[in-house]
Ligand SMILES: C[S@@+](CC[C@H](N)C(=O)[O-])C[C@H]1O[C@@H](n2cnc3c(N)ncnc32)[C@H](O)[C@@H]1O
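Taking the form predicted on its own, here's one chain by itself in structure tokens.
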Amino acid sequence: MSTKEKKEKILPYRLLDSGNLKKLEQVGPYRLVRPALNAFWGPTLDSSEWESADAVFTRDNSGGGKWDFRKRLPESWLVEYAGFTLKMKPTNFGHLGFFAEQYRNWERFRTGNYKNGLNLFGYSGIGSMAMAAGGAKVCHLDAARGMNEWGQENVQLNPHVPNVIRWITDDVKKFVNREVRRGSLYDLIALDPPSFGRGSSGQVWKIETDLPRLLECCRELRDPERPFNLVLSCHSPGFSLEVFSRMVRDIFGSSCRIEGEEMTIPESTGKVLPAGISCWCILD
């Protein structure tokens, strides 16, 4: 990041509006339109607000898509969100480097008095930073080396976050099995699994077949000497809060207390955009 960029005032991220399967976002100084495939309603703001977007991402049938840049944007820039300074970068998949709907989970990570946190499918590291900011030693895992490097850049932008995060690039199934064999123990485990993905060496991940076994491994990683929290968040079709609750109780037992909610992003309109589910398994 250039010296000039660091000295400029860093503006916040805000969700302005949603509708017609899209969302209008103010991402620092730039206004973007991206897909919101459950926004079946009409927009609240006037069409002129949407037409002023600096860039629009349109998804195609292959799962990818393309950006239409209506003005020249930098390769990356900084925003403030949920108490962190974050690097934004429009990717070929339409992502920016964070999932705004996770903000309530991040706050619980920050305030939960955890000792050892494991963040699986950790993406660009904001959840891991929240764990570290709350005092936990953190193991962050993502199959993409580039995402881990992005996460390390985010940490450098946030001097209040302790340097206690271990960054691992590996296949999630292989790594967690090794952690079980090593006898590693955690009192906080976070999972945000995709519907489908590939590990660092091309290993295939399918949520419907691989998630139950992964949760069984997480059970083996529970620190029995401390209260234990596992949070499972998801955007995959067919997985509801009730589905997750039954899966988690089946593996962790009936004494597992479930706290769940639909993740949402507040809009400037006073409404919210639903964006997935979050299920907490709590064992005291």
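A residue's number is simply how far along the shown sequence it sits, counting from 1. Fair warning: this is a prediction, and the values are worked out from it, not measured in the lab.
What comes next is about the form predicted in complex with the ligand, which is not displayed.
> For the chain seen here without its partner, which of 138-146, 80-88, 155-163, 104-112 has a heavy atom within 4.5 Å of the ligand in the model of the complex?
Heavy atoms within 4.5 Å of the ligand in the model of the complex occur in 138-146.
> Is there any non-hydrogen atom of residue 257 lying within 4.5 Å of the ligand in the model of the complex?
The answer is no: residue 257 has no heavy atom within 4.5 Å of the ligand.
> Tell me, yes or no, whether residue 132 is in contact with the ligand in the model of the complex, where a contact means a heavy atom of each within 4.5 Å.
Close contact is absent here: in the model of the complex, residue 132 is far from the ligand, nothing within 4.5 Å, heavy atoms only.
> Using a 4.5 angstroms cut-off on non-hydrogen atoms, would residue 198 count as touching the ligand in the model of the complex?
Flag for residue 198 set to yes.
> Quick one: does residue 97 come within 4.5 Å of the ligand in the model of the complex, counting heavy atoms only?
Because no heavy atom of residue 97 falls inside 4.5 Å of the ligand in the model of the complex, the answer is no.
> On the criterion of a non-hydrogen atom at 4.5 angstroms or closer, are 123, 205 and 235 all touching the ligand in the model of the complex?
Yes, the whole trio is in contact, each within 4.5 Å by some heavy atom.
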